[in-house]
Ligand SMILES: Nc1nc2c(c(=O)[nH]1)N[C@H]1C(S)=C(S)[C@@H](COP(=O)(O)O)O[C@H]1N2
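Heads up, the chain below is alone and in the form predicted alone; it's given as structure tokens.
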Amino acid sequence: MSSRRPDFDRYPELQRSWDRRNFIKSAAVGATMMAAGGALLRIATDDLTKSARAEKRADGRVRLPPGQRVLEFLRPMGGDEGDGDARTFKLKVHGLVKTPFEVDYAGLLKLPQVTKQADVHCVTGWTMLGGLWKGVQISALAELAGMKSEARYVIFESAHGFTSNAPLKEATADDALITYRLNGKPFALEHGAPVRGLVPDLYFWKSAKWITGVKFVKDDEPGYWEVRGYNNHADPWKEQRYA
């Protein structure tokens, strides 16, 4: 068939064939472009991964833990979602503290705010580098509540009874937050909206989504994934993925 458009007024029976021809042609072009785009994305991802493996953190560890590959965005990882509504959000700070308290979303924003750059590492093998996370430091919550000296662990409580546990050292590090913004934008529901935890020096499942509470305890309390075979500490640089 000629590449010129037929005279459909004179030959209406050709319209269907012409439409099918153009559909197939467009689909082929689209598939080629998608394949090229995918190849370019893989090249960019490989370059980011290679670069991160050559970098060092301030503590001397390589920036990219072993077994990880860099992605540019957070990947949805499922879970029982909370309602995602800032109007109903409440965060309870309790446990081994002198003055337990509860704060709503507006109250959270009135607490001292920080923005920290941090990488996050998923146990499934992907890493997102250099996110700008805004929120309240867990160490600030500990100070505000008057955390007692015998506290050794932090338990993050979330919607539907989900919990994750973290040693006090990692959970109160400078970049460990109760966070509500990433790169200036609120979280999508699938990423924990309206507020989630952030403990960047442990595998990302420790950074509980749809968070409802922060509890300081003396004795460790393995969380949802920990009692199901995931490593209790979850250090990415030691590849502590599973028990």
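In this text, residue numbers run from 1 along the sequence as written. All figures in this text were calculated on a predicted structure; none of them were measured in a lab.
Not pictured, yet referred to below: the form predicted together with the ligand.
Contact with the ligand in the model of the complex, judged by any heavy atom within 4.5 Å, is made by just one of A145, L74, A173, A118: L74. In the model of the complex, no heavy atom of Y153 sits within 4.5 Å of the ligand. Although the partner is absent here, W210 sits close enough that one of its heavy atoms falls within 4.5 Å of the ligand in the model of the complex. Using a 4.5 Å cutoff between non-hydrogen atoms, H191 counts as a contact of the ligand in the model of the complex. Under a 4.5 angstroms non-hydrogen atom cutoff, the ligand in the model of the complex has G79 among its neighbouring residues. Across the options 118 to 126, 145 to 153, 165 to 173, 94 to 102, residues that bring heavy atoms within 4.5 Å of the ligand in the model of the complex belong to 118 to 126. Taking the ligand as positioned in the model of the complex, the residues of 191 to 207 that bring a heavy atom within 4.5 Å of it are, in sequence order, H191, R196, F204, W205, S207.
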